[in-house]
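This document opens with one chain alone, in structure tokens, the form predicted alone.
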């Protein structure tokens, strides 16, 4: 059997990479063009870079506040979801719970419905039901952190459980024989071995919370408004500021790209951990 030409695979991956990266490249092109040039003949290359869109966006104090809100909400949700998912997966993996496989399946069912289905119930909860005097969950960072748990926690459990299942139970038993408590087993045995899976779960939930738009646009007004919802402020009755919107979109990509670059090794290890069993 003749060996296949590796150049075919190189060309294929190069084509797929170009198709994947081109929208991001085009987004950057739009972000560094003045408004007048956006409606002329499109060009794949730049003659002059127009940085004023970025200057205007980064100089906007309101948008900087939205960016800070996004960081707080996304990071808070990612940490909370990862901790809860880790404990839930440990219980599902190590304890003989009645109907645990059914529990495991039903945790993901709310991901089967679009987020718009939950808008009205959550709006009523945030504005009328969960209130303490004049205080409401509506337009609060803690409210958005808890809200995103509804959608990210089931996904995190499904992502993390193979990692916990891939850790031999004999290690738990050996630690218990040596006198370790359940919490010591979790912290000193399970946690170090599960770090790649935890890194994957943390990053993916962070990205989901960072990119979410619909719920944030409906359940916030100013105090907890996120950077993704700030895009809509550039769509007005007098027109759409495409350059500023593209600049914001590029800026929102940067934190995710940095995080993925830093923890890439853990992501690859976490996605393959527990995938092969003897």
Partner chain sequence: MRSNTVGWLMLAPTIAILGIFGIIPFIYVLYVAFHQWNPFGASSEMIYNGANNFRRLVFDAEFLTSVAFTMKFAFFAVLSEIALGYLLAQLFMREFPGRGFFRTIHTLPLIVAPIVVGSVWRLMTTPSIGIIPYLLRSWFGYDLNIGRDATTAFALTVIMDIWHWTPLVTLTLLAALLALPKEPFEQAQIDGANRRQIFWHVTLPMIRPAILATVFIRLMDALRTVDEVWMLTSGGPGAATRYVGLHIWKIVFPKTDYGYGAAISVIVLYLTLVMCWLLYVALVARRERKRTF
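Positions refer to the first chain, counted from 1. From a predicted model like this one, the values you see are computed outputs, not experimental measurements. By rigid core we mean the largest C-alpha set that fits within 1.5 Å across both forms.
Just so you know, the form predicted together with its partner chain exists too; it's not on screen, but the next bit is about it.
Against its partner chain in the model of the complex, the set 32, 127 and 244 makes no contact: no member has a heavy atom within 4.5 Å.
Interface residue remark: residue 202 is not counted as part of the site for its partner chain in the model of the complex, having no heavy atom within 4.5 Å. Contact annotation for residue 74: none of its heavy atoms lies within 4.5 Å of its partner chain in the model of the complex.
For the chain shown alone, residue 63 is not a contact residue for its partner chain in the model of the complex, no non-hydrogen atom being within 4.5 angstroms.
Among residues of the shown chain, residue 232 is one whose heavy atoms approach its partner chain to within 4.5 Å in the model of the complex. Residues 208, 211, 213, 214, 228 are the members of 208 to 229 with a non-hydrogen atom no more than 4.5 angstroms from its partner chain in the model of the complex. For residue 222, the Cα coordinates differ by under 2 angstroms between this form and the one not shown after the core has been superposed.
When two forms of a protein are overlaid on their rigid core, residues whose CA moves 2 Å or more are considered shifted, and residue 42 is one of them between this form and the one not shown.
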